[in-house]
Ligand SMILES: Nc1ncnc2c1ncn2[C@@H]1O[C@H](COP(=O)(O)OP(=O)(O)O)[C@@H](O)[C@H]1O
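In the form predicted alone, a lone chain appears below as C-alpha cells.
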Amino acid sequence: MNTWLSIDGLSLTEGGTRIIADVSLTLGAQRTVVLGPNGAGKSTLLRLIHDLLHPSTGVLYWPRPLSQAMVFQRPVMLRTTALTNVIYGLKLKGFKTGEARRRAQESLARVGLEHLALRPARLLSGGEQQRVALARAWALEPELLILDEPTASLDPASSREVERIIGDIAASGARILMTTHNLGQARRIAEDIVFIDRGRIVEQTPVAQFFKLPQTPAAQSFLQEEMP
C-alpha cells in the first residue's frame, strides 16, 4: 500500500476551542472512510486536507502532489443549466470552451444525466444535484476525490446511485476519501476506516477488522450506538 499522504501533529483551534487535536495519520488505501460521532471533527479534517482550512500546527506531507476535487453534502449549484455548472468548474481550471463542453457532456453521461444537461440545475432533485456535483468533480479527472457526507440528505434510491458513481470514479483510478454516517455504506465503499473522536484519531484499521473487532472502547461504543 503506497502512502499518498502523511499528516504529522495536525491541530486546529478556533475561538479558543481545539477542533482537531494533534492528528498524525498515514493514508495509503485507495478508498478510505472517516467515521466518528457528530462533532468529532470529520468534516474539518477533510477541509484541512483539501486546503480549505489552514491548521494551527502540524504538517501535511504529500509524497507527490495529487490533483483534487471535493463534493459536499449540499452541493452549490449556479443559477444556470446542469451542463454549464460542469463547464464552469472546467473553465476555472483553464480548459478552453470546446474542450470544457466536451468533457462536461461526457461526465454528465457517466452519471446518467445527459438527458438533463440543459435543465436548470437548481430545479433538479437533491439526488440529481449531487450527481451534477459528482460530474463536475469527475470531469476534472482528480487523482483524489474528497466526499463529505455525499448521501446524507438523499433517499435510498438516490444514495445507491451516488454510491455507484463513487465506485465508478474509484475504478477509474481516483483515490476516495470520504465521511459518512451510513455504516452500511462505509462497509461497501471503504478499504480502510479512520475513526475520529473529539478531534483525535482513535483508530485506523482495515474495514473488515473495524466492524468485526474494533480495538478501542470509543469505536466499540460508537458501533453499538449506530448499528441497528
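Quick caveat: nothing in here was measured; it's all calculated off a predicted structure. A residue's number is simply how far along the shown sequence it sits, counting from 1.
One more form of this protein should be noted, the form predicted together with the ligand, which is absent from this view; the next part is about it.
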Exercise. Considering Gly39, Gly173, Gly184, Pro65, which brings a non-hydrogen atom within 4.5 Å of the ligand in the predicted bound form?
Worked result: Gly39
Seminar exercise, completed: Assert contact residue (the ligand, in the predicted bound form, non-hydrogen atom within 4.5 Å, options Ser159, Thr44, Thr180, Thr32) equals Thr44
Problem set entry | Exercise: Ile19 in contact with the ligand in the predicted bound form, heavy atom 4.5 Å | yes
